[in-house]
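Below are two forms of the same protein chain, given as structure tokens: structure 1, then structure 2.
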Structure 1
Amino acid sequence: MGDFDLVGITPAATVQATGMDTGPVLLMIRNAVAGIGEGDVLEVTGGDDGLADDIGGWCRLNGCEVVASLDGGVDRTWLLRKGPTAPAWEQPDWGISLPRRDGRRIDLRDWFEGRAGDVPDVAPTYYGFVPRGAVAEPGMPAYPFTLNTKADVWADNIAGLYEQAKSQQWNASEDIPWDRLEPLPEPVERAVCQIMTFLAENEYAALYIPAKFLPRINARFVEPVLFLATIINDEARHIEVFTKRALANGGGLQYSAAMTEWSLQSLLLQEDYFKSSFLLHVLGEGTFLDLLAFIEHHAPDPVTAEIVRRARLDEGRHVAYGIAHVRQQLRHDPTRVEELVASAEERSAVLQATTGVNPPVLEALTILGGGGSSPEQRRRGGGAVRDLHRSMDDYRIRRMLQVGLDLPTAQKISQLHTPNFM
């Protein structure tokens, strides 16, 4: 301690170099300097004569200054003053201990602690993949993120949805009672296969779209990124399970209508995440909730029923994210309602050029709804499908009211919604 008094300086940190080789000592000096403030002094003790020259050289090249060199006999001590251009790092957290739920679980909802829990409103692109909360060295490159504000991607329930998504994962190979599939009358099996073909086709869009936006999200907003990753996995499973059902029971994949592809392509080409989230998660997947409920209700076999029941649970999370996300953005900027109306109108204009119907799917839903292909069954099925359209419209409007749209706007957009459902 007497050494410091000698020069009237109190060091902010100390590096103990006794018995160490020069290379490792220089590294320790760099890291210690990074952690002290500009103008602060670092004490290095215990080096030999060789280190003297190397410390001088290091300081010259790294914006520091040797302010004193004290010869304590065998060991020497140096005091280095950190200059304005020396390596500067912020201080990381230490001493964080996340709470446990039920004495054991660490839940994503509980991880908002310290620096890691500090979700910024606007995130610079130059943090790249630095985990939120870690200390970034200055001078990092910018990343091509384009969704750089919290309002762009956040949803209030995002951490809870992520936890739900993980606990509700299932395996399309193991968790479906494939052994309970019995032969069905041919028209009914054809109807199921046609519907499965259509569902699988739509699931591709549901996978590709979040996969496209994920790398655009600034990694500071990791919770939406993690949640989108679960959506992507869910949709992969949906493609798998619907395709498997079409191939499982003596039928096969059936027809795809051009209208479906026009509809999905117009969704995929939407480059604005806010509009895309509204069109895909709120309107498209929202409408699919009703479609899946219809299929489950009229399913001719327990396997088909179980498949759509499980898929519907997954879709519920996707819709919940979309509603919360769009609602959050509208709260942030209410004028963006206009963009939603415009996006629905643009898409509707594209689809005007199509036939607007998907005859194979329409017939399949009718047969499913009526329980078979006799005239009486078709009549009953036709009524069920009309009811389905009404309830789809009704629930679409309710979801838009939840998002924060007014009733006339919601009614208008619902009318414009694609006849493809998604």
Structure 2
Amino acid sequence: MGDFDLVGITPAATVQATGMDTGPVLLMIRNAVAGIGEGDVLEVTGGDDGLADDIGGWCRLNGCEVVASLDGGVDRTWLLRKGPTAPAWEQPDWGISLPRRDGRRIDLRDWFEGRAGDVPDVAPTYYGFVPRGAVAEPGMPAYPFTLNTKADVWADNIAGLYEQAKSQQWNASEDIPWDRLEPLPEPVERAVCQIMTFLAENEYAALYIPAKFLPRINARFVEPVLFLATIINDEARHIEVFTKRALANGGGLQYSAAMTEWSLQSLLLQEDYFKSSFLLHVLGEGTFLDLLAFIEHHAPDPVTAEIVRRARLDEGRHVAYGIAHVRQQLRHDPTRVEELVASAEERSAVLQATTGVNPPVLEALTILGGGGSSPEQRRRGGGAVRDLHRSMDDYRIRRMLQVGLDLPTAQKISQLHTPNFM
């Protein structure tokens, strides 16, 4: 701070903050300021480095002035003068009713009314977990949100996808016809168990990645937060049901390749939400849709078919969000296409040293595609797997065209995509 004339200043109250975290100290300061008069001075002694960063902002929000900041070596002391007026509370909404669908339902799509419906383009961090639309008392603490703009996380279809996610939830214990699972020839059962092992392994990544980003999203953007919570729930259910299928019919969990783990780690380490959404939801889970469709088509039993059918419906919502989110970002800033190309190139470079396609998974898909392990069945299955790879490439390109990439860029990124599928 600058030079101050401190002669004659006698604090009306003192807050001792030594050894305390910033949050409780700011609350103590607030209570102490409420108990002194206009123009009186509060002395604050001690506090961690966070308090030094936050006390000025707190004073601006609460009508106080930092008279002095004195460094005493061990502890720092602040002198705060209470201003003439405290910031006034805003007025909450009243008298706004939401419409009823079919005369009875209220969807998430219907709550964009009044203050609650005012989604900011940029959200401050000091509202914390105050529900959007509620009136916040001045002087709230800042939260460590890092995704603070609407463009960071929004998609125009977000409210509708959330409604779909609620209506299409299912139970991996009760909604799968486990009683219809009959013994299969050993090579076929092993193939199913290997594929289920692989699917579950990939779904761990699809669970952990949105869970990592969720606490970074500013709570002003509650709709994406709620939808990501449904994704996490979906993936937890997928891990459960794929694992159960591997164990349920006398087989067991099979092999995991280093290629798979390197590929999934490269997804998990991506710290940019825009790039992560593209790599996971558009490319990874998009390709997973095609894989699940292949498994459903060639499933040797009704239980396996029903499991992947339900999982595919869930994954379709995740892909729909990714496409809409990335498309919206690129409309806002078309130059970000370069970031998507770079992220695919970086991931491809990381995975170049690995062994390529997971051999046990490739063999399992071949047996599944051919209906067995005889030479003729393997030949037929090999053709089906080659067709699968061609269709994966075709649909990846189509999804990238949907987000706004041109054809050469989409083709380039598709060629760079990991042979791990996800």
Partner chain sequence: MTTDRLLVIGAVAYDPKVVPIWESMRDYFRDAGVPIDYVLFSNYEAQVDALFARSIDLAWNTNVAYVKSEQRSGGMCQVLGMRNTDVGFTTRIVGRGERLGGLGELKGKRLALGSADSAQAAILPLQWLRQAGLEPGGDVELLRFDLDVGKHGDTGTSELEVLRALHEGYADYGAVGDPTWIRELEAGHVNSSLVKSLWTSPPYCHCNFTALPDFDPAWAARWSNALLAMSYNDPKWRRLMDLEGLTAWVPGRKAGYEELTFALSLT
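The term rigid core refers to the maximal set of C-alpha atoms that superpose within 1.5 Å between the two forms. For numbering, take structure 1's sequence and count from 1. Because the structure is predicted, anything quoted here is derived from the model rather than measured.
Where's the form predicted on its own, in 1 or in 2? Pick structure 2; the other is not the form predicted on its own.
Look at D48 and decide if its Cα position differs by 2 Å or more between structure 1 and structure 2 after superposing on the rigid core. Yes; D48 is a residue whose C-alpha shifts (by 2 Å or more) between structure 1 and structure 2 when the cores are overlaid.
After fitting the rigid core, is the C-alpha of G35 off by 2 Å or more between structure 1 and structure 2? The answer is yes; the displacement is at least 2 Å.
Large Cα move at D21 between structure 1 and structure 2, threshold 2 Å, rigid core: The answer is yes, as the C-alpha of D21 shifts between structure 1 and structure 2 by 2 Å or more after core alignment.
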